[in-house]
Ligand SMILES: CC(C)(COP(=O)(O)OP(=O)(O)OC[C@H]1O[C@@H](n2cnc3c(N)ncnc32)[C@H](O)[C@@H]1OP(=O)(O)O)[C@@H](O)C(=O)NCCC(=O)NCCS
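Quick setup: one chain, the form predicted on its own, written in structure tokens, and binding and motion questions come after.
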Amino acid sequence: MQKIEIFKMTLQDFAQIEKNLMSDFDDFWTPAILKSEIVAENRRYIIAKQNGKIVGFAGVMHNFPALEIMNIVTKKDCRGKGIGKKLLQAILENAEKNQFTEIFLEVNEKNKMARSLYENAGFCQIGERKTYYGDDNAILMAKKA
């Protein structure tokens, strides 16, 4: 497997994935929403690159002393290769370095791969939001940093 490198996401990175965001990654957010997230003051987005190409991204919202993971997204044709895990590790390392005490997230109850990733990283279910993802429920998870 080729090396995965993590960088802070820039607007230039966004421009590279904007036209293929909904087809190559996911259709959970429009490009306009993602762009507004990237430039928001209390957000931080990172990208995963492999062979110089963006293969994933992740974002967090800072509400010190808590951190909320907004998303971790891997390019559809690159899933199951450890990219999401690498992005999550970068988030957790940054949380520890910056002394966040708790980390929260929500995940679609049917997304077994993501749920397993979070559980293996020490996240526990703390609640549920009914029909948050259309007909699917959101599982609320938390971890002490």
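These numbers come from a predicted model, not from an experiment. In this text, residue numbers run from 1 along the sequence as written.
One more form of this protein, predicted together with the ligand, exists but is not displayed; see below.
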{"query": "Contact of P65 with the ligand in the model of the complex (heavy atom, 4.5 Å)", "finding": "no"}
{"query": "Contact test in the model of the complex: G59 vs the ligand, heavy atoms, 4.5 Å", "finding": "no"}
{"query": "Close approach of L117 to the ligand in the model of the complex, 4.5 Å, heavy atom", "finding": "yes"}
{"query": "Contact of P31 with the ligand in the model of the complex (heavy atom, 4.5 Å)", "finding": "no"}
{"query": "Interface stretch in the model of the complex with the ligand - options 33 to 41, 90 to 98, 46 to 54, 72 to 80, non-hydrogen atom within 4.5 Å", "finding": "72 to 80"}
